[in-house]
Structure formats: structure tokens, C-alpha cells
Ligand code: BES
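Given as C-alpha cells, the chain that follows is alone and in the form predicted alone.
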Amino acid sequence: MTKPVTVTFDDIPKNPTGTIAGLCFPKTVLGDSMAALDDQSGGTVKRAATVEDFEGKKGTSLKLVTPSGLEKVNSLTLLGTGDSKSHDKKDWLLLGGKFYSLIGKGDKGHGTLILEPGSDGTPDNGAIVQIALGLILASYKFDKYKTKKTKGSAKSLTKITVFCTDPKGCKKLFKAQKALSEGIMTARDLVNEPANILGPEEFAKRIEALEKTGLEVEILSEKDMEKLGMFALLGVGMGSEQNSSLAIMRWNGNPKKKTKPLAFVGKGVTFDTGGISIKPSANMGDMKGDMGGAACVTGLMQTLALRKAKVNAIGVVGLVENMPAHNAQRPGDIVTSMSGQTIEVLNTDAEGRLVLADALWYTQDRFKPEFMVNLATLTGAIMVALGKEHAGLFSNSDDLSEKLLECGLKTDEKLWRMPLSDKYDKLINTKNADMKNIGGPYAGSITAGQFLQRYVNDTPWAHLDIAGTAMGSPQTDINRGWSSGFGVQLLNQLVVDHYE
């Protein structure tokens, strides 16, 4: 990826220069600093605002290039906040992304942002660091394989100075947001990487490289998994030349506290052809992103380590490649999972649940966690139900579900709870084994959830089907790429709000 913009904080200068942007509130329109610049320009800024009917309403903007009387100012951009009293974290975050898109090219790669309180005292430091996070996320580009860069890209902003009334306070508060941005970028990068670069073995190496953050990393080989009886996971990767593995990341941020660890589990199918039940060729290239769940878990664990989160957490990801070959798993095969339960594999393209079956069982059996949240780009059926605006939430715990739904609204990584019940569970019964890996033509995302539930025992558990939100997701002011990094903010918020 292109290196994201660097954000620093400083005191508001009397005479700012270069590329400048600032917030504007509906009542005051121009804050003190913008009003001072207007005075220097002989009233040019106010006159332009009047002519363009700019009143600081939400989403409106005004840009003046080389404004008269301000010879040292290349451009001056005003962005309306609307009623900032009602703004929450996601509003300020998206505002930061909007700022980045408006500033565009900076003066020698450097832009400045002036954020001072309006008449109602906003934004506070919390809002300012959210704006700064939005700036960074909006600057993300995955163009590492382009030999010819887009015209003008060399002039894109590389640094933004945020001028505010309490730079020291913002710097301190921003450390956690900076860590979060790095975790999101990691998740985005992993999903965007082509499968010829990022196979299961390379993914495992990248996880091992995160040991420098303080994470403890353990990689289980195919031989290790054979000894444990993980033949559901191993069966998926049989047709690939790449070795499958299970990666375990541990963050011990509160070693003195004797509490059960929090557990996050991700599906990591680095490419999914469907196996013998091969997918149609149209859009199969998107299946490089079928490891979005594992990418999220990796980015989350990196975030927790970088910000020194005061929790004990486990991240477990099953890394496989699903390919057709002479030795690949066949429709009709019966495999035995680590739990001892047998599975009739009627469709080799329903492979993610096989990976998660062993990963979930291993996690609850070894670590006895407080809860487990798994993430997976699991079913196309969830997009039929919810489109790309919400991820599907399936859970055996009302308490965990309510916490996740609340955090989804805070971060704009929204969830919608879907049903689980005995009647749906019957749809995956089969006379030939303990269960089959597909249901019928209906309720495809639900029967997948029912399948996973058979591998969690009594552990509070939630399954997030992120097929519509992790890749090819809707474009927003903080994400203009193919991969969103969905789930990192959501789960980090869960930890912050309820477990630290």
C-alpha cells in the first residue's frame, strides 16, 4: 500500500501558511482563526461564503485557491459540521475522511488542519483524534503493484498538521487511535493482496512478524493438527500445494488479573476456488478476499498489542487454500473433526465452516475463554438478506449480541442479528454422519451458523458473517478501496467499552 498520511498536532498559529482547512459551525461559520485569515484577506473569505451561500451546514464545503490577500496560503478549504452537538464518534471519523478528500494535494505533500472549538465548545479532544483517524484511513491506497503511479500521486499529502487548542492532550489520546489505524491498514492489506503472493504460508509468516509488537505467536503445522484430529480443517487444504496451518496470537495485557481470555477466531481461506464443487469463473478473482475474517482478527490483535490494551486476548486463525486436484476433498466425503463429530461434505465450496469448526473447538477446549467471536466471509446468502450495509450476527448469547450491536452503531460497522433455532438446526442433519456441511436451498447463512454452533459447547459465542462488508464493500469517506478492514474497529470498541 501507499504509506498513509502522517498526522501531528500543534498549537494554532497566528499566521498559518500553505494548504489550510478548517471546520465551520452553522452559527459562527468562521472560527477565530478563520476570521483572522478573513481579516488578512480583506474580507475575501466571508464574501466568498456569502456568494456561495455557505453557512456551515453538514457536508457542505467551500474551497478558495490562492485567496486574495493571503499570499502564503495556497488554498483555504472550509468544511461545514452541521449540528455538531449531536455528532458521535463515527460522525467525526467520517468528517476526517471528508477533509482528506477535500484537501487533496498539499503544499509539497504537507497540509494543515485548523480545529478550534465552535460556539458550543466542540470539537473536544476526543472528536479531534477521531477526525485525525479519519484522515489516516481516508489516505489508504493499495497500489504497491502499479509500476506507473497515477498522475499527480507524488504530490499527494504525506503529512497533515492538526492545529488545535490542546495539542499535548490530543497527542496522548491519539496513541490508541494510531494503533487502531495500523490494525485496520493491516487487515485491508491482507485482504487486498493477490493469492499468488498471500497464500497460507505467507500469511503465517506475516503473523509471526507481529511478534515485534509484543504478541506471542504459535503456528500449528499440518502434522500438529493431524495429531489433534483437525481433519475438518485439513480436508479443505488437501488439493493445494500450500501447507495449511493454524495461527495462534496471544496478548497478555493484564497478566495479574485472573480472568478468562477474550477469544477471536477467523476464517483464513486465502483463495477459494470452491474445490471440486468449483465456482463459476465470473468474479472468482474476488476469492482472494475469502480470508477477511482472519485479516480482521490479525489486525485486531495487532491493535491490542500496539495500544497496550489491558486485557488478555487470544486470536486464532485457520489458514488454508481450497483448490481442486487429484487429491482434493470430494463431495460425499466424510471427515472427523477435532471434536469427534463427523461431517458429510456434500459441497466442497462450503469450506469455511469446516475450517472454523476445528478452530472454534480448539479455542474453547484449550483456552476456556470468556467468549468467542468468529468472523468469516462465509456465505453469499447473507448478502441476499442484508446487502452490504450490515454483517450478519448469529449468537447463543443475548448479552454478547447486545454489546456487539451497540459497538457496531458506535463505529458504523453495523450488525443485524439473525435467528438460530432447533428447527433450522435439523436442516443440517444427515443419515450418513453427525451432520452435513450444507442445508437446503433456503436459509443458507442460518444453517451455516447452526453448523458452527455445534462446535462451541456452552461458551458464549457470536458468529459474524462479513461476506458483504469485508470486501467489495460500499465506498465511504474513510474507505475508497476494495477492502474495508471491517471488524477491527468494532471489536476494538467491544474491548474498550466492556472488558478493559
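Sequential numbering from 1, following the sequence displayed. Note that the structure is predicted; figures quoted are calculated from it, not measured.
Although it is not shown, the form predicted in complex with this ligand is what the next lines describe.
> Closest heavy atom of residue 287 to this ligand in the predicted bound form, within 4.5 Å or not?
Yes, residue 287 lies within 4.5 Å of this ligand in the predicted bound form.
> Is there any non-hydrogen atom of residue 272 lying within 4.5 Å of this ligand in the predicted bound form?
Yes, residue 272 is a contact residue.
> With heavy atoms only and a cut-off of 4.5 Å, decide whether residue 380 touches this ligand in the predicted bound form.
Yes, residue 380 is a contact residue.
> Hey, in the predicted bound form, does residue 98 get a heavy atom within 4.5 angstroms of this ligand?
Residue 98: no contact with this ligand in the predicted bound form.
> Only one of 189, 182, 344, 349 gets a heavy atom within 4.5 Å of this ligand in the predicted bound form. Which one?
Among 189, 182, 344, 349, a heavy atom within 4.5 Å of this ligand in the predicted bound form occurs only for 349.
> Which one of 417, 144, 279, 175 is close to this ligand in the predicted bound form, taking close to mean a heavy atom within 4.5 Å?
By the 4.5 Å criterion, the partner-contacting residue is 279.
> Would 353, 438 and 467 all count as contacting this ligand in the predicted bound form, using a 4.5 Å heavy atom cut-off?
Each of the three qualifies.
> Could you tell me which stretch in 246-254, 421-429, 279-287, 198-206 has residues with non-hydrogen atoms within 4.5 Å of this ligand in the predicted bound form?
Looking at the partner contacts, the answer comes out as 279-287.
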